[in-house]
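Next up is one chain by itself, shown in structure tokens, the form predicted alone.
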Amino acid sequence: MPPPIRTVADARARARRVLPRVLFDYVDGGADGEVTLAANERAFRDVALRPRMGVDVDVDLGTTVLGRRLDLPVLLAPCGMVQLVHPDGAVGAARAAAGAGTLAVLSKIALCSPEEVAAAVPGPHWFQINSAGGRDEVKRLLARVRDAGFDGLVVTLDGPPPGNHERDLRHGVVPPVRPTPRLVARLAAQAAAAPRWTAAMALAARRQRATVQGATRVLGNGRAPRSARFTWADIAWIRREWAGSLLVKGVLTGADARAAVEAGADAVIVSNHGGRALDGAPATLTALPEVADAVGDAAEVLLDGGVRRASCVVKALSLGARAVLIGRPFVYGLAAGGEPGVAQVLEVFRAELVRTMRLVGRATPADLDPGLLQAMRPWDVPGLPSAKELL
């Protein structure tokens, strides 16, 4: 039995050992020079916590997101291709999230159907869509996830086009993917070098066949579908078509946050696609205060990108996020150990959050505010402005 996952870094290291290199790089990589990918994590390191002394608190991590009570302010972000990472896939991730008292967002390209997730895991369920296929495809998907019992819709704005993933290109995975003999030989060699992953996928032969077929459909089977980006008019149209909660993901400015609310969004997610879309976009933590100020009480604000420890969660919530979403951390856990691996990653966040909240002297997420923060290097900043001003 492998040792327990004690940090996200543990899960990442184990995923790197288990997965074929092409899959690990797909999960781990970002766009172009990966500047934004690195900036997301660095932004959290550049902010320090100001602990309150002389108090002892009993911590309650519970919060509400769009009227749903959650035991943990950490959700699982929509991530594509997770069925290729481990046979447990999106169903296992959703089960782990439900067991931790939170929820997972099912990606349109997770290679797992909404019906499978709904049948295996109690709700609530959220589904993520993008603009591929246009309004006809969106309308078809809305009806499908509504019938499956999903009540939250996450609309991703930052694409098309997809980001330029140089790690994938180095493996010869160039959209639209064509199964050339050279590519097949290269991927076969990598699979042979990852026997644990290969054996796990072989044991799930039925799911493996469905996964390969789904991947072929998603990757275009040699044809590059062209899709227009969502506009605010599209968001307003989706609002009319969808009666459940509507979240708009990919917001990085106050102006866009206000536009999302005006179009009917119940929440906005501050996100740069985990550094996988526009390289050079700002880190999500640095964009969060502007977005939170812009929407005020008109909508809830969530954040994803760069969250690797519970201290990141505390910093994001202190700057106005209602909750955070994690992508790579849970996928690392899934690769490392399937559903139990995801559960361990969520337990790492829960335990770290309880400890961090006690150390800073705050009992609940509602007690967190910008006064808890300062620059990690205040001597670099004349006059010591507030953390909100620094960001």
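As the structure is a computational prediction, the values presented were derived from the model and not from experiment. Don't overthink the numbering: it's just position in the shown sequence, from 1.
Below, we refer to the form predicted together with a small molecule, which is not included among the displayed structures.
Next on the checklist: Given the stretches 51 to 59, 328 to 336, 361 to 369, 64 to 72, which is the single one in contact with the small molecule in the model of the complex, using a heavy atom cutoff of 4.5 Å?
Outcome noted: Selected stretch: 328 to 336.
Next on the checklist: Is T156 near the small molecule? Define near as a heavy atom within 4.5 Å, in the model of the complex.
Outcome noted: Although the small molecule is absent here, T156 would touch it in the model of the complex, with heavy atoms inside 4.5 Å.
Item to check | Non-hydrogen atom contact R276 with the small molecule in the model of the complex at 4.5 angstroms | outcome: Yes - in the model of the complex, heavy atoms of R276 and the small molecule come within 4.5 Å of each other.
Checklist entry - Applying a 4.5 Å heavy atom distance criterion, does H86 contact the small molecule in the model of the complex? => result No.
Checklist entry - With the cut-off set at 4.5 Å between non-hydrogen atoms, does V145 touch the small molecule in the model of the complex? => result The answer is no: V145 has no heavy atom within 4.5 Å of the small molecule.
Checklist entry - Which of these residues, A96, A283, L302, A77, gets a heavy atom within 4.5 Å of the small molecule in the model of the complex? => result None of the others qualify; the residue that does is A77.
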